[in-house]
Ligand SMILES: Cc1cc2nc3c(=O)[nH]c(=O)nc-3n(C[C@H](O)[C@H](O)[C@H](O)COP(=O)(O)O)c2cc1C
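Only one chain comes next, encoded as structure tokens, the form predicted alone.
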Amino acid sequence: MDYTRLSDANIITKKYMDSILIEPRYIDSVKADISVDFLGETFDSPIMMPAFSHLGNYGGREHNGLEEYSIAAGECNILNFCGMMENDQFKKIVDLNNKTIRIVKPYADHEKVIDQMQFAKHAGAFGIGMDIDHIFGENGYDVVVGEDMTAQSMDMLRSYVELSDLPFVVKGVLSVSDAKKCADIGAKAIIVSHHHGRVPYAVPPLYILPGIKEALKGTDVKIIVDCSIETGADVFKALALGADAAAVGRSMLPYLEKDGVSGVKEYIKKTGEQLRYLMGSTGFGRVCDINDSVLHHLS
């Protein structure tokens, strides 16, 4: 009997997400409000931008892709993230009137980590953070665009938290163990993610999410989920399983590439409307009220 092994975490994630069903509850339901309070600010939606890096210019337009989705984030009043880049590019992004959290790579050059985080604070970042799941490559420590990465200890991460009073976010958490360590070092938020399947057979973020939520009970650590978040239904499931917000990523790219800022705004609006529809159809009037009582898992 032939059997094809399935190691792609992206496929595993989508299959798991699609195995979760939603139970409608119409009686006494109301039109939902999808705004959220997050890290001391009110945003129009729990849908957040991805921490992308290295996006070029599309269609010969004035701004590159990173700048275009950052403009859209500001105009949609949602939280923005950006990934690996030099300081001059980051300055261009924060000058576009948005609230942006800069996610810095785990560079082997420790001074570069410190410099980029300090620059982010002085440039007007909403928060800073580190991408911990880009440490290893197939031949040892990873090399990203010519830059060597290295392992990060709790002491190192704690030192970054103590650099400033900005919220610190750890991206790439996919275990209860790491989630607890993030709380211990004083992180204000984590992004539950497998970084588009960097580890074969990685557990789906929504699978591990309830355990992480339980482990962080009693802390003020916010939870963001990404990976294969494509629709309002995906966002709803993430919120019901314990997330405070969900970040879109590759599902946004076709809209960004085709129509730039307006395309991203169209996508965010459509996804938010899908979320509002599902909240109304399940009896939840506010994002903070959503829970897993309406979810059913196919066996």
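Sequential numbering from 1, following the sequence displayed. This one's a predicted model, so the numbers in the text were calculated from it and none came from an experiment.
Absent from the display: the form predicted together with the named molecule. The rest refers to it.
Student: Using a 4.5 Å heavy atom cut-off, indicate which stretch of 212-220, 192-200, 110-118, 173-181 touches the named molecule in the predicted complex.
Tutor: Selected stretch: 192-200.
Student: Thinking of I22, S45 and L278 as one candidate spot, does the named molecule come within 4.5 Å of a heavy atom in every one of them in the predicted complex?
Tutor: Result no, not one residue of the spot touches the named molecule.
Student: So which of V264, A32, A51, A245 gets a non-hydrogen atom within 4.5 Å of the named molecule in the predicted complex?
Tutor: Partner contact (heavy atom, 4.5 Å) among the options: A51.
Student: Which one, M156, V94, M84, L163, lies within 4.5 Å of the named molecule in the predicted complex by heavy atoms?
Tutor: Checking each option against the named molecule in the predicted complex, the one that comes within 4.5 Å is M84.
Student: Considering non-hydrogen atoms and a 4.5 Å limit, does the named molecule approach I229 in the predicted complex?
Tutor: It does: once the named molecule is placed as it appears in the predicted complex, I229 has a heavy atom within 4.5 Å of it.
Student: I'd like to know whether K188 contacts the named molecule in the predicted complex, with contact meaning heavy atoms within 4.5 angstroms.
Tutor: K188: no contact with the named molecule in the predicted complex.
Student: Within 4.5 Å, heavy atoms only: does H63 come near the named molecule in the predicted complex?
Tutor: Contact with the named molecule, no.
Student: Please run the contact check for L39 against the named molecule in the predicted complex: heavy atoms, 4.5 angstroms, yes or no?
Tutor: L39: no, not in contact with the named molecule in the predicted complex.
Student: Within 4.5 Å of the named molecule in the predicted complex, counting any non-hydrogen atom, which residues from 86-116 show up?
Tutor: Read in sequence order, the residues that approach the named molecule (within 4.5 Å, in the predicted complex) are I103, K105.
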